[in-house]
Every structure is written in C-alpha cells, then in structure tokens.
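Have a look below at one chain only, the form predicted on its own, in structure tokens format.
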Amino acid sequence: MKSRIITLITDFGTADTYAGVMKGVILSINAIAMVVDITHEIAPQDVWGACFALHTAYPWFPKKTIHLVVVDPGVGSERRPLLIETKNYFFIGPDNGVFSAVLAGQGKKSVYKITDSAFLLPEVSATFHGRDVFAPIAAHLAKGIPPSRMGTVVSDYVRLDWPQPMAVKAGTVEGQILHIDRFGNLITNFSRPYVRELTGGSDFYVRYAGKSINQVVPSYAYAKPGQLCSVFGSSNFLEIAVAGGSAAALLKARRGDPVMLLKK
C-alpha cells in the first residue's frame, strides 16, 4: 500500500489536544499515512481565513494529496460533510464555503456528501467531527477507498464570493485586503497576472488609508527601514508592507478594507 499525504488546516491551535487527536485517529486507521500540519492557527471560526490559507497552500503539494480542513462553526448542525475530488487533489471538510476558492478553479471532478457511516468512528460526537468524521474519511481515502463508496454526489454546495477587483474608471481599480499575515503585511486581491493585464507593464501605485504608496519593490529588502512599499509576495498577490515593520500596525489595517490601484 502506498503512503499518501494528508494535510491539516484547523482553528484548533496547539494548546489543546484536538489537532493531535485527529492525527491519532488517522494513524490508527492508516499507520503509514504522512500527516502534514499546514496551520492550526486560523482564527476561531474564521471560515474565510481558512479558505484563503487553503488557496495559497494546496497547489504546492504533490498530486493526490488529501487536504483536510476543519474550521467548522456549524458542527453538529444540518451542514453537510464534504469530500471533493479534483484533477490533482482531494479535499475533506464542512460544507460552509471553506472550499470556495478550490471549487471556483479548474479541474473539479466530483463533490460528495459523506453519507456512509461505515467509514466514520462508531460514535460521532456532535462537537468534534474533525475527529469522528473527517479524520477517518481522510485515512480511508489514503488507503485507496474510492470517494464514490463514501458518499453521494451533490451540486448545491456552499460557495463564498471570492472578492474580485472592480474598475472605478480607466486605469483605476478598487480591490481589498484579503489577508494580514503575522508580519503585518497586507495581502490584497490584486494578483500579478491581473495587474500585468491592467497596466500593460506600465508603472502603477497603490492608495490605501489616505496614503499613496508609490514604491513597488522586488522584495522587502529593497525598501529603506520603516518605509511603506508594495511587493508581489510569495502568494503572487500584491502586498502593502513596511520594511522591517508592520503595515497593519502603522495603517491600522483590517481585512476587507478597500485598496485602490492606479496606473501611472
């Protein structure tokens, strides 16, 4: 039996035992599974934060990796447990929009509502489906059980709107802050390909919180300490940053704030 990678994204943190217990369940069913922690530091019940984290992380893993996401404020309710198969990956977690970016992309094959209790733990808690539902499904999938044996196909799954930049006038668009990382960098929804198409390779600048940020640098090190700049980060989105500091603290930024991009 081949080993298969299972990744974990949760809002469990590391102070409690939840993440470790999920790993224990996976390894009890499939001892050779390779479990990788992407992050357990999603803010509690932050479905959008988990959606963004998954979007920026999953493509870097080998084909056939199983991505397990448990940020589940609706646990124990009527929300459905999902198993998604795409051309290159599998995704497991709650039907609450956490897979919106994945489902908007190309390569989707099937979305299943998990229904077969034979692949769950014998007793399912109303508050810990990560342990009793999602972890066992991931472990069985890693053993080669086909998704079609574990559920029924659905098409009415929950989708969150992925924010898209909007044209204000010729050469000017409004976007927003998608994510603020632990360094205080403000990650916008202006992707590198989008900016290239908008500007035709011409110079541009960003306006946010009453400030015009004219310096676009190849990396943070090209700006002077304490200087505001913009840079295309590792996720290929344009970021607003402060060299050696925190743009979030300096500008009192919040996720969802509007950002303007203007062609010079």
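Quick note: we count residues from 1 along the sequence shown, nothing fancier. Keep in mind it's a predicted model, so treat the numbers as computed, not measured.
Another form exists, predicted together with a further copy of the same chain; not displayed. Remarks below refer to it.
S.K.: Hey, in the model of the complex, does residue 262 get a heavy atom within 4.5 angstroms of a further copy of the same chain?
M.R.: No, residue 262 sits far enough from a further copy of the same chain in the model of the complex that none of its heavy atoms falls within 4.5 Å.
S.K.: Heavy atom to heavy atom, is residue 144 within 4.5 Å of a further copy of the same chain in the model of the complex?
M.R.: No - in the model of the complex, heavy atoms of residue 144 and a further copy of the same chain never come within 4.5 Å of each other.
S.K.: Contact with a further copy of the same chain in the model of the complex for residue 27, defined as at least one heavy atom pair within 4.5 Å: yes or no?
M.R.: Because a heavy atom of residue 27 falls inside 4.5 Å of a further copy of the same chain in the model of the complex, the answer is yes.
S.K.: Do residue 218 and a further copy of the same chain share at least one heavy atom pair within 4.5 Å in the model of the complex?
M.R.: Residue 218 belongs to the contact set for a further copy of the same chain.
S.K.: a further copy of the same chain isn't shown here, but in the model of the complex which of 105, 74, 171, 163 has a heavy atom within 4.5 Å of it?
M.R.: Contact residue from the list: 74.
S.K.: Of 47, 213, 195, 33, which one comes within 4.5 Å of a further copy of the same chain in the model of the complex, counting heavy atoms only?
M.R.: Flagged contact: 33.
S.K.: When a further copy of the same chain is placed as it is in the model of the complex, which of 148 to 156, 109 to 117, 128 to 136, 94 to 102 ends up with heavy atoms within 4.5 Å of it?
M.R.: In short, 128 to 136.
S.K.: So which bits of 222 to 242 sit within 4.5 Å of a further copy of the same chain in the model of the complex, heavy atoms only?
M.R.: Read in sequence order, the residues that approach a further copy of the same chain (within 4.5 Å, in the model of the complex) are 222, 231, 232, 233, 234.
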